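Starting off, we have a lone chain in the form predicted on its own, written out as structure tokens.
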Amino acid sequence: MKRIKTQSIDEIQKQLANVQQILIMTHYNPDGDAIGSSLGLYHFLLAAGYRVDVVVPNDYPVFLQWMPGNDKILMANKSPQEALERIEQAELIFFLDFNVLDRLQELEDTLREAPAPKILIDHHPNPEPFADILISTTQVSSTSELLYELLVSMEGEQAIDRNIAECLYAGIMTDTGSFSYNSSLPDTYYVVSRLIEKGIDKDRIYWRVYDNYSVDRMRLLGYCLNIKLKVLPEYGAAYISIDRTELERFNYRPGDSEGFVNYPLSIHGVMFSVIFIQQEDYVKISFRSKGDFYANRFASKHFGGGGHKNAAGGYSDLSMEETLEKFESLLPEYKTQLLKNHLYHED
């Protein structure tokens, strides 16, 4: 398992030798990998004697707020002035789990212009060249897995304590859907085995993330599957749409729709699943696929997004109705690919 160049590790260590104040940043709408990798790195740097700040652009789900160090995370949307001060004070900035600066939303320009050296650690394809040091590969399950390799390469296995192990395991678990996708490489399971050896309780971590939802969230899921699910068998596709009125009806909180996009893939013949969620001024879109249908290419070409082969995101500036019409109008173009993919899986 050697996916990080020795030169990159040496460059990071040189940077760390000359600073004391470090900032860790992750993307808008942080997920489990974003929070897990950020807090994993936070504990590593804190133990090494650095002053460390973790700033996220906005709120994240309650079911991720159990991780050790969670109380140290600063949400920029709630404390904008303090977030700007932390950015200004930083002597070195780590960017985790995203590949383009616009994932920072309102903080994009401030961080692009920040004078501190920048280090990007990520597993998404085609990273924007904004960082001074780039550690990026798609050949890992998650940023948390890649970060594990970096930390061990710098300081050895003894550098991974239980707090770090819990955070990194949560990141890997959530970004693979509990090891159901992005988890085909043996190295992922090697890393997981080493984290478990640190004494983490993997069952409790699973419970904290996946068995810790609100009643409103469960009712929203039932509503989506019963009322809002549309299956298009002639294309091997299905989608769910949720508008603002429906979000308010079910007291929606960040993360409540996490995982909803995966449910249609359980339907026989469905190879491509999408969820559309109406925000204040745009429609947020998540894409999931099976096999050799490239969800990220579809997202990039038609909805200004990107991501992984089978898991991607995008957005639409159109109304919900217009967005759904656009999506359905695109499917005939991909019919042959989707149905061929279905026949392959049937074999």
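Quick caveat: nothing in here was measured; it's all calculated off a predicted structure. Quick note: we count residues from 1 along the sequence shown, nothing fancier.
The next section is about a form of this same protein that is not shown, the form predicted together with a small molecule.
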Testing 54 to 62, 41 to 49, 286 to 294, 318 to 326 against the small molecule in the predicted bound form with a 4.5 Å heavy atom criterion leaves exactly one stretch, namely 286 to 294
| Using heavy atoms and a 4.5 Å limit, would one call residue 314 a contact residue for the small molecule in the predicted bound form? | yes
> So, in the predicted bound form, is residue 307 in contact with the small molecule at a 4.5 angstroms heavy atom limit?
Replying inline: yes
May I ask you to state whether residue 100 is within 4.5 Å of the small molecule in the predicted bound form, using heavy atom distances? yes
- Taking heavy atoms and a 4.5 Å cut-off, does residue 124 contact the small molecule in the predicted bound form? yes
